[in-house]
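The chain below stands alone and is given as structure tokens, in the form predicted on its own.
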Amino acid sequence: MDNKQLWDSVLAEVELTVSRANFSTWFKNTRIIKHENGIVYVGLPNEFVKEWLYSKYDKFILKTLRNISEGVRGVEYVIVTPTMKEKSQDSSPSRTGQPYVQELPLSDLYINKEDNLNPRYTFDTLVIGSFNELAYAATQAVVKHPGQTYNPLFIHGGVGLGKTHIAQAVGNKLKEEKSGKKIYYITSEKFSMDYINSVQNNRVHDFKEKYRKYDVFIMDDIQFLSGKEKTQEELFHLFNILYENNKQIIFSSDRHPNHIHGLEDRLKSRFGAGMIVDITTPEYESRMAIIRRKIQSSNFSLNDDSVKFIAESLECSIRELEGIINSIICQARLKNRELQQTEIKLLIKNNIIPKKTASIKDVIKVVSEFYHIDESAIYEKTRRKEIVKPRQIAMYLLREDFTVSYPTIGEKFGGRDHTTVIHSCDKIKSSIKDDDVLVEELSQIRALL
């Protein structure tokens, strides 16, 4: 299947799940421009579409791609522009109604290939408020004395709160002020893949040397190393080498290191030796500042009443907030007028994903349907394998994702003792270390929840 056929198949799935207006607005003029090393590069016409697809449809697109084509590990969104010739040839659309676009070489993307830093992530573009002021203060100390103050620096917080922005801002600031320093940013998933490839190609020594040369090492989403023992071992040795040579180390995660299950205690101990700071959901004043910064950077204007209304109506992540602003700007430009407050309210209602909550019954129902068993069977005191596994997974999810107590889980599962629940949770924790199929099944169940 070539890139065009693959994307046509994805669009066919998307069209079944979104409205005609949304499909036309956000998926028109999109295509796959490159498929390399498990990463699918999707070409988009502008920044509005990029940010909207990333915040609203990224997980769905990735899941659909994986269902259609094995080996897809991730999606990258790339801004592409039509050539002058193509702009004048409106009569040559593709079969899906999309004009052909000029593929930009990867060197033309905004990510610096040498250090992986995004130049847009700077302290100048960062809104500072009570939600992130401690993290900001810590990063300023790191910038002044890299490798000496707050080393390592560990930043944690929920999805879309700006952890990547502030971590990369440190790298960009040091890059600007200390040109001689070697800086490198990487996600934990990419680090893990690099290590696996080095083992498969008998190049582990090259892997070690590559990462030990940096003066500032920034790793994002450390929680994804959970259960990956060999990769954690390499990170442990790398950490020691960098730390002993006063190299600055920065980590980010969606949770405190002590709450990352499957993370070795020796790594948790290393993380705790420096500074651990959190970023929370922005409060009202910070939301106001974020909205104003966003509309200003987009060369757009919005009256104060609308800004206040949006800030009062939303208590969400920065990413969700910016997604709503993008939608408002797009709709206003399409209609060539300022939106009324009722229209803004409707956009907010239609586009903000409600916070997910689930009862014990909800979790049991989803797990039972996923494994094609009767919901009542999961409560039975049976040792049949086809029942035991779903039951253990349901218990594990209730404990790990919804922090339900062991005794409560046991009571709801037919009056079982809490030690039985603990055993079930530990069994799943142990299994996910080596069972890739189970990891994928858990990922799919969580998406359903």
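One-based numbering along the sequence shown. This one's a predicted model, so the numbers in the text were calculated from it and none came from an experiment.
Unshown form predicted together with a small molecule; subsequent notes refer to it.
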In the predicted bound form, the residue from Pro119, Gly272, Gly158, Gly262 that sits within 4.5 Å of the small molecule by heavy atoms:
Gly158
Within 4.5 Å, heavy atoms only, which of Lys228, Lys294, Lys190, Lys173 is in contact with the small molecule in the predicted bound form?
Lys294
Is Phe131 close to the small molecule in the predicted bound form, meaning a heavy atom pair under 4.5 Å apart or at it?
yes
Residue contact check: Pro152 to the small molecule in the predicted bound form, 4.5 Å heavy atom:
no
With a cut-off of 4.5 Å between heavy atoms, is Leu126 one of the residues that contacts the small molecule in the predicted bound form?
yes
So in the predicted bound form, does Glu322 come within 4.5 Å of the small molecule, heavy atom to heavy atom?
yes
Going by heavy atoms within 4.5 Å, which of 313-321, 211-219, 231-239, 362-370 lines up against the small molecule in the predicted bound form?
313-321
Quick read on Ser55 and Cys316 CA atoms in the predicted bound form, 3 Å or more from the shown distance, and they're farther
Taking the shown form as reference, are the C-alpha positions of Ser55 and Ser313 brought closer or pushed farther apart in the predicted bound form, with a change of 3 Å or more?
farther
